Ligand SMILES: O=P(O)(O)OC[C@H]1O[C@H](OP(=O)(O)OP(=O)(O)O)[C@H](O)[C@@H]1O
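In the form predicted on its own, a lone chain appears below as structure tokens.
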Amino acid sequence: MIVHDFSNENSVLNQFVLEMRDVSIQKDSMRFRKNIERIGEILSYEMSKTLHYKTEVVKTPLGEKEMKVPETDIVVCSILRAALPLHTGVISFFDKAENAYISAFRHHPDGGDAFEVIVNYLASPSVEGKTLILTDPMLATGKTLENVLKAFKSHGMPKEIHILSIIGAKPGIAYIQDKFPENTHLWIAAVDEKLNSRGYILPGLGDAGDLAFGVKL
């Protein structure tokens, strides 16, 4: 896996991440969702530089011009529900992409810190020979992405995989590096050092799904 970590680069991306972290700003759910969407657009632009391209000739009112454009069949998959604004940011750049949606949630069987990730819904076209983009704002333990990858086995073998995340923890990133194939890229806006006992990123930003869409029961 190739990790593209933008946390040490100076760009407007840092402003959007700061606003998502800030306890005095993040309670504005509309702004929170918009910042997720903006980050999705920025990461999509950076990712687009690594895709396969072909040359097309475009006819203008005054002549013709050769241009290089992406030559990639893309499937964008959101991990519900927090990734929906991230998904919107991605498909605003890749408007010809196919779309997929998968549910994944943590289940704490005894109410303690230990949990399992349950995947019980996947709606997706075939990903055989295509570029699969997985969007998940928070890469904490990495177990969610591991289970999502397993769920996609019945839908074919993608040519390559790109994971787009906003904040990740170093232990989770290390974990998925052993689970995903070599032709996988991780595009991530910020990396934090550790997890707490319940597997949440520290300092992170809290529960991205709740902040974007409201507190769930």
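This structure is a prediction, so every number in the text was calculated from the model and none was measured. Residue numbers run from 1 along the displayed sequence.
In what follows, reference is made to the form predicted together with this ligand, a form of this protein that is not presented.
Residues of just one listed stretch (121 to 129, 92 to 100, 135 to 143, 67 to 75) have heavy atoms within 4.5 Å of this ligand in the predicted complex: 135 to 143. Put simply, Asp207 is close to this ligand in the predicted complex: some heavy atom of it is within 4.5 Å. By the criterion of a heavy atom within 4.5 Å, Ala114 is excluded from the residues contacting this ligand in the predicted complex. Taking this ligand as positioned in the predicted complex, the residues of 64 to 85 that bring a heavy atom within 4.5 Å of it are, in sequence order, Ile79, Leu80, Arg81, Ala82.
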